[in-house]
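In structure tokens, the next block holds one chain alone, the form predicted on its own.
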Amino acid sequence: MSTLLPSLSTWARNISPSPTLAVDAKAKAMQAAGEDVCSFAAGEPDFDTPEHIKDACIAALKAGKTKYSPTAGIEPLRQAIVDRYAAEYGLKAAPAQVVVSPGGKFNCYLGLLATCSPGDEVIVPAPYWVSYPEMVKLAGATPKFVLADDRTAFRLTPAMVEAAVTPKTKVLILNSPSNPTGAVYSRAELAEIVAVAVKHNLYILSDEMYEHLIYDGAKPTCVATLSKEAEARTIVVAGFSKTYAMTGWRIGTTLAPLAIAKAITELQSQMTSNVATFGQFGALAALKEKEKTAASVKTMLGAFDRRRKNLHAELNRIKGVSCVLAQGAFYLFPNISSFGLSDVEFCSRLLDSEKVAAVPGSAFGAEGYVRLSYATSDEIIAKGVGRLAKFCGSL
């Protein structure tokens, strides 16, 4: 009898691990071994979750909110999410259009599962968040990449989107503010791009996870508010992880047309059921206790803005490095192509020789760049950029 086991699935064999998590894990392992590592790898606020949010979760636990909730989330939270979109963007929706899921990553994936079939294509703007291509493939579709580099401040044009559309195109992914570049599209720019999607009858997956982390007077745009046609085809993904320093809570949100929201709910019901019930009460407090939440967000945003400006200035002082000033999120995406190394080799040598962790741009579909997260302390930024300058000077 053969002792060989059957092969793993096509999905398991073709999935790529997250490069950002891999770099962060290596940096943390080095730190655990006693090495002085300056990590710019993780996309995670270095602030703790605000106390009033934690208190609400603890109170829910003590009150016995430990049973299953509706798959799409507790009704008060879904209503609060609807109220938020109405107050912030003037978008009128119903709680039935909202699905609360275990993290924005899962919301994105469910949105693709609900709209894509084998043979479909999905337009993925590059530089892209590392999970988009893998999600598209896991949904049975094919990612089609469109690169916008630093010459256009990492923003696509309508013509670039138009050129990527084929008869197989089903979904356009948009991400503003962007991970990994921090690029923010203006409302007018998004309207022109969305017009292309409407023209070709595409769904839009709009990842707006960083919508409240925005600087220099820029304004976030909820893509579903651009027109009635946009509202009818847009899946808006957001969540609590970045704005409220709740990454480990795993609470993301989808606001979508009713038919898509129902499909997403049904998919989730067979995969994960609901987000941890008591955690949803913490998320509810983030939206309901507005003054406390606003004060916490203001503190974080002020720190991120200061770090953004300082890191940007220091990077552009390094000979051979050029960096666009991001308007959102908490990343910078400097160009290091002048050094004649691949970005993978650059990051590997930087970590080994100077103990600075950065993620290569090729992980995001953009060779010749690195992603640096400034969601870390001023001390680490100052020390790390000094080491980076030393490393670049040695090349």
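So that there is no doubt, residue numbering starts at 1 and follows the sequence shown. Since the model is a prediction, treat every value here as computed from it, not as a measurement.
Same protein, other form: the form predicted in complex with a small molecule, not shown, and the subject of what follows.
Site residues F40, S342 and F346 are none of them in contact with the small molecule in the predicted complex, judged by any heavy atom within 4.5 Å. In the predicted complex, none of the heavy atoms of L213 sits within 4.5 Å of a heavy atom of the small molecule. Using a 4.5 Å cutoff between non-hydrogen atoms, G103 counts as a contact of the small molecule in the predicted complex. Residue contact with the small molecule in the predicted complex: V236 places no heavy atom within 4.5 Å of it.
Among residues of the shown chain, T225 is not one whose heavy atoms approach the small molecule to within 4.5 Å in the predicted complex.
Exactly one listed residue, out of Q97, S241, T277, T221, brings a non-hydrogen atom to within 4.5 Å of the small molecule in the predicted complex: S241. Among the residues R250, K170, R78, R307, the one placing a heavy atom within 4.5 Å of the small molecule in the predicted complex is R250. Across the options 264 to 272, 104 to 112, 317 to 325, 138 to 146, residues that bring heavy atoms within 4.5 Å of the small molecule in the predicted complex belong to 104 to 112.
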